[in-house]
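In structure tokens, one chain follows: the form predicted alone.
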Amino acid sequence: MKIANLVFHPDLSASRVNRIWKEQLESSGKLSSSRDLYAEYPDFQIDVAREQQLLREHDRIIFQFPLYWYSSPPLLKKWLDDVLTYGFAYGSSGKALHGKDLQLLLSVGGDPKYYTGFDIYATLHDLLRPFQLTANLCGMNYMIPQWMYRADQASEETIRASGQEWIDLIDDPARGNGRAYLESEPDSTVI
């Protein structure tokens, strides 16, 4: 299985969690490629043909990013808009991503209580639903998302332990599709 880790962090060098996870994943030997998209596209001018070719070459695509204001970083949204085009990712002839896996790996600075679904807050699954819908439209398998709450407060030991747990799961072909899991709306998925 060829696995691509696409990291969308606006300042990866200043990140503790996402930088450490990226380093751990790269040193695991389980990735075919790992890229810092903000370093590659600081001007947000995405090479669509290159990105589409790289997607074709991999079986499992990981989006690694911090959750910002209940959403993804802006480059990830632009990347989705630019790269997942009609005729490539969806539509009658858009079959390039069919059968591939989409995996989300997130750092969440907030406390789990802010993602309970009560009052003005939504569950993390609610916030990630656009990714699930995107995967469905593209014929991809939406894998069970993985995240860490309180990432801004986590010790390096906790970050590395969660990264190791993720490494143990990353290439497991038996993990299956997360659709049924998400429909049951579990309380949380935490690494």
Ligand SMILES: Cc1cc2nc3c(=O)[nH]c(=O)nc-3n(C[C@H](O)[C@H](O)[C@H](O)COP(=O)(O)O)c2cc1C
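Since the model is a prediction, treat every value here as computed from it, not as a measurement. Start at 1 with the first residue shown and count on from there.
There is also a form predicted in complex with this ligand; it is not shown, and the following applies to it.
A residue is said to contact a partner when one of its heavy atoms sits within 4.5 Å of a partner heavy atom; Q103 fails this definition for this ligand in the model of the complex, lying far away. In the model of the complex, this ligand lies within 4.5 Å of some heavy atom of G110. Looking at P66, you'd find a heavy atom of it within 4.5 angstroms of this ligand in the model of the complex. Interface membership of Y70, defined by any non-hydrogen atom within 4.5 Å of this ligand in the model of the complex, is confirmed. Residues of just one listed stretch (24 to 32, 48 to 56, 161 to 169, 146 to 154) have heavy atoms within 4.5 Å of this ligand in the model of the complex: 146 to 154.
Heavy atoms closer than or equal to 4.5 Å to this ligand in the model of the complex belong, across 5 to 28, to the residues H9, S15, R16, V17, N18, ordered by sequence position.
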